[in-house]
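Next up: the same protein chain in two forms, each one alone, written as structure tokens (structure 1, then structure 2).
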Structure 1
């Protein structure tokens, strides 16, 4: 597009665990916020703070200078962008920002179709879970054009603290795959270390005190490991969504003939969780596979 719109109104499609906080930060920053969610009741708190409800993603897009999507699966992304009453068909002069973790190829498709309509777009998946969203300290990995990134950056800075343009369309999603690959083996290692501690008769909380400040330290150990120890499996990030991410990463790796055995094993363990009906647990719930 020849010029980028001044951003006064922001559409937010998908206000789940993370989207609630993210949209709330934008409201607090003084933007007009338009919202859509499949379950309308999840938008009640935002509407009470001043957000405006719309019945379709397209209706949100028609009223917004910038549209953020934060939905569950690539099929949901397809639906909100390309379905009946979708974003691409309804957006006027606007910038599209998909913050869902989705496939790089779908990010490129959105960019291509947006460009045909004179719309700008970036893919901007995030890491940090519910805590990062709540504290506006998300890591945001961006794919798209430099000019669009620069224009949108002040909005993204209301949501996160580490915001880096990684390359063209789809490269934000590729970066998120790197993130998920590292998490997959790390969270598995945390569960194995703590299950070892429990089996040998150590106090896992005391073990965490020792190893949490050493070379093994990090969010997966210190935050999610602590939750494992007390049996807190409430989701900051759903297992079913993590499985989706791992499948995307494995598919991309297979296309490049890249073997990732740790990722493959982690995927099988999380699928074992899902088979036990635990797919709505947080990822720290993998501990249950080791201690059951």
Structure 2
């Protein structure tokens, strides 16, 4: 790795709901921000605030000391890093920061290919959703080298409040997988408990009052369970993205010979939702599988 560049200009590739907020915080902090997004119109608000548009991820990378990617699927990550006009080919003395929730193996591949070109990189997936992004209170789980982490920390601190280096390349992604694995079975349990309540003739809202303060309590029950009860399936987190994450986690677990039957089961239920055309609902929509 060459010496780490002073960070004045930041590239942002992928400005969906979360990315727009995040890039906005970086602009507000005084960085020069270069943006690319598959759908150009989503960059309009950022350009109005001073960001510079480029036609390809590679063109963004060529102008940036640090490049953040926040796209959808691992295939999108592959594309923006390794595709035609991609980041790896065009970046110069830059630091690559993939904040997409993506595969740990791909994170290691990016780190290796970046290193070959003398580029530093970290994987830094987040949790906290659109609200966490808007309020700059994301949890950021980082994999990479300590020196690189230290160098980019001031940038990450514009985006999140819990920022932990969890290990070497890929370990940020692995930590995010732990998060998704816990959530997968938890939301299944919430849906099962509340569907039992409904089926047996209890008032689920009143049941939540009883059980929401004890050993069953948590974000999934108290926030998403409350949405299930009122039939609010608007996405905080899309089912189709969750299925993507659960597939990555299962694939990694299989490679380690680790059986995760709860995760397998939860994934099959979310796939059942997708098969019904419900993949653009929020994850709390798993309730629909039980009550329909």
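The structure displayed is predicted, hence computed values, not measured ones. Positions refer to the first chain, counted from 1. Here the rigid core means the biggest group of C-alpha atoms that line up within 1.5 Å when the two forms are laid on top of each other.
Visitor: Assuming the other structure does not fit, state which one is the form predicted on its own.
Guide: Structure 1, which is the form predicted on its own, differs in this respect from structure 2.
Visitor: Specify which of 190, 175, 270, 23 corresponds to the hinge in the chain, comparing the rigid parts between the two structures.
Guide: Checking each of 190, 175, 270, 23, the hinge one is 175.
Visitor: Through what angle, in whole degrees, does the smaller rigid part rotate relative to the larger one between the two structures?
Guide: Turning angle of the smaller piece versus the larger: 9 degrees.
Visitor: How much does the C-alpha of residue 230 move between the two structures, in Å, given a rigid core overlay?
Guide: That residue's C-alpha is offset by 3.3 Å.
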